[in-house]
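The chain below stands alone, shown as structure tokens; this is the form predicted on its own.
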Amino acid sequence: MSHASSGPVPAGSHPLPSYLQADNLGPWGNYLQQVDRVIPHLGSLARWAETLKRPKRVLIVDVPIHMDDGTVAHFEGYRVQHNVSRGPGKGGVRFHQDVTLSEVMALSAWMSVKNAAVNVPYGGAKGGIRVDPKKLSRGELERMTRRYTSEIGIIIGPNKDIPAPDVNTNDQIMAWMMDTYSMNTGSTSTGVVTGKPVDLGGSLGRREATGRGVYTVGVEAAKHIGLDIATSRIAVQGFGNVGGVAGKLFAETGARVVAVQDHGGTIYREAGLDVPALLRHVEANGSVAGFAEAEVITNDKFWDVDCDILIPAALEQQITEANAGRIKARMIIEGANGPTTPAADDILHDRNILVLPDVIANAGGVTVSYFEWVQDFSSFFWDEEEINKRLVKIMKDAFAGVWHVAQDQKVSLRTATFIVACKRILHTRELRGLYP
């Protein structure tokens, strides 16, 4: 499919700005192609489809901070609210040296789809700062987080837009964001972010929620294709809160995790890696590099590993035209956001490899974020068993609905998820109408 496809512009609408067009390569272009694929399935709601191609609000901010050596450094920050028709914006904040506007816009749009797919009352948003946080001291990291929060404070709030952790951010970052927003508004506002420490209104089970959701939909999908989880071989890219938790849950079911790749390299063991030992190693050393009970293979060889399930749980655009033809898995579960390009999707579909798309597979995190937000408003907190039970039910129900649409309309699970989610978003847009 051509990258230039961005669909016809309705009469009276201005053409999309260049930074919104699909031929502006990057994650946003991938998202626009995904939208184009779903438009023929939207029926009368297709008249509102242009809504999906234009973020509601894009905020670019300068983030100046005092460095430890006395200099002043400037970082570029973003907060994008893609759609808020169904409720306040919801989405993470990432600190990474390769953050771009295209990436953050795409991530915010995928959040709109994800939240609608699991039917939680949120719109989609995302934020980020272009920075390598590993090069900052703890003090510099705190000052940057607080300044960024102050800069985007004009558009966030517990009923407006609720940030959460993402790549290179965690519960401590959320604590600083919550405190900064609270100081600026004059009252403690625990609901302005999710993914906080439990002592500050965070939810039990939140850290493991995304990985648990990946595992849950993987088990459900395996039933449909006759894959026995207990005898399956799994390869995982990224071994943090998502890939590490999912790998642990699959291993506890009897599966063999045979290969793991992260920023430190790629390791392999045909008999299966000792996942608890590997998680301890990563916690102590920051990556899988140096894990003694495995052989090292090249990063490129990761895509040739003989496995039944592949879990990309790192960054976007990892599975492309260049490597999609080499993947040997029967099923791919997208733990990361946007790890597969549209062209790669087509290759995988032609090869009869089932792809569980990010917009349903990794929605466990935002689902428990929703639970956290609800608990903060009520000041009544559930135990972890209750949270996990509610999470599993929502994920199973959402997956069942998507699977039914995919079978009924003979489309991929990604397109089916977009059909379910975009109809919900656009139906709400239609009901609300345009003001003024």
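All values derive from a computational prediction rather than experimental measurement. All residue numbers refer to positions in the sequence shown, first residue = 1.
Missing here is the form predicted in complex with a small molecule; even so, the following discussion is about that form.
At a distance threshold of 4.5 angstroms between non-hydrogen atoms, N83 is out of contact with the small molecule in the model of the complex. Although the partner is absent here, A336 lies within 4.5 Å of the small molecule in the model of the complex, judged by heavy atoms. Interface residue remark: T210 is counted as part of the site for the small molecule in the model of the complex, having a heavy atom within 4.5 Å.
Within 4.5 Å of some heavy atom of the small molecule in the model of the complex lies at least one heavy atom of A313. Picking from 69 to 77, 328 to 336, 179 to 187, 215 to 223 the stretch near the small molecule in the model of the complex, with a 4.5 Å limit on heavy atoms, gives 328 to 336.
If you check the small molecule in the model of the complex, you find no heavy atom from any of H41, K53 and Y122 within 4.5 Å. Proximity to the small molecule in the model of the complex, defined as a heavy atom within 4.5 Å, holds among T145, T341, S232, Q237 only for Q237. Exactly one listed residue, out of V167, L354, I155, I347, brings a non-hydrogen atom to within 4.5 Å of the small molecule in the model of the complex: V167.
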